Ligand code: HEM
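Starting off, we have a lone chain in the form predicted alone, written out as structure tokens.
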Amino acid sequence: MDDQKTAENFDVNKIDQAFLDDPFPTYKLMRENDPVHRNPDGSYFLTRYEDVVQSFRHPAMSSDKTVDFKPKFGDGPLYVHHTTSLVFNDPPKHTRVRKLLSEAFSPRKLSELEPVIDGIVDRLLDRLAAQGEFDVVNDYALALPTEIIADMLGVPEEHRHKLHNYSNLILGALDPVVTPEKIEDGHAAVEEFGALLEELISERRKMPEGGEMGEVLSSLIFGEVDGENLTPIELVQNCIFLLNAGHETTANLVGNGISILLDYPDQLQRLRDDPSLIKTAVEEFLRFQSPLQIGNRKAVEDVEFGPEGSKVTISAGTFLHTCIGAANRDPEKFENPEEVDIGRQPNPQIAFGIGKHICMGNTLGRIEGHVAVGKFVERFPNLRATGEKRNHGRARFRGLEVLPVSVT
């Protein structure tokens, strides 16, 4: 079968293990042969940078999922969560909730969090140095954002070990193909974490000043915009959203970043020789292995996508899969996109999205990446892989499940 036919036969609802392990050859095939691809279910899969950016910025593109998630989730907790949290809503609701959440990411709060991040990273690195051999993903990349988000939400130590599983189950339910068992596990995770958050919120209402440095729960509870607060449901569900958004993407960024440096030893040495490259290095990690690979939108009016001369009209009511992972390797936008260049400039990667739905935690995520990867490389000059890495096997999010290394 030729490339054109292979691209035309792609079905996002029937992706296999080979795609999950390495989707980038498929992205390239689609971008070159069928960049505005129609899936058998009538949805479209976009792979060009310009088309993905247009889908994020065009006023006729909707993020609201109150209709689309109903068949998948029913009326259960996953439906309540994903239709209440910030990411799957449109203005004016999105605008109002985003303003109310913005205090969690204000310059003042970020300045409070920077020494917290430094302290957490230093403690983790001390522990890893004592171990000598460890798994980068579970012992470091996941541990860092878990601790930071737990601090931000005031989650007690005895509950923190549960957070990764909550996030994994809730976000895993968003994949194109999900088993009924995983849907049920996702419902249970929303219920259980929601109940814990309700207890924490109740306690903080009684003691508004009782939080530690870096905690944002009081700001979320009592913050006002035009005399309005987050409703009780919005408050709980967007606290869950903060865990999912900040935990998954940061863990993937750190794990992917260290893995990329191991795969490209010349770039690892380059960073060791010039630590000031860490900022552009993080941008390159975000581009090359985007933590969020596939987003989605729905057209509320007819909109044209595709290159000049071969435009495709997508009708109102059509669902789109917006492939960030493919867009960030588009040769029309990036020189030598399949190669890693930790000094790449310019680097207009869109791993955090773009437009009104750009990830509001993007600054925090970058700070975590700079500190976590920069200090890791500096601390461990003898870093080497000791076994095979393994991806976590989800389509919408790109990250590792295991990355065994030695630093001795």
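This one's a predicted model, so the numbers in the text were calculated from it and none came from an experiment. The first residue of the shown sequence is 1; numbering continues from there.
Form predicted together with the named molecule: not shown, discussed below.
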Just one stretch in 336-344, 29-37, 45-53, 357-365 has heavy atoms within 4.5 Å of the named molecule in the predicted complex, so which one is it? 357-365
Would residue 297 show up as a contact with the named molecule in the predicted complex if we use heavy atoms at 4.5 Å? yes
Residue 325 near the named molecule in the predicted complex, any heavy atom under 4.5 Å? no
Non-hydrogen atom contact residue 250 with the named molecule in the predicted complex at 4.5 angstroms: yes
Taking 4.5 angstroms as the cut-off for heavy atoms, does residue 351 touch the named molecule in the predicted complex? yes
Identify which of 190, 100, 286, 143 has a heavy atom within 4.5 Å of the named molecule in the predicted complex; exactly one of them does. 286
Students should find that, of 163, 170, 320, 149, the residue having a non-hydrogen atom no more than 4.5 angstroms from the named molecule in the predicted complex is 149
Does the named molecule, in the predicted complex, lie within 4.5 angstroms of each residue among 87, 245 and 292, using heavy atoms as the measure? yes
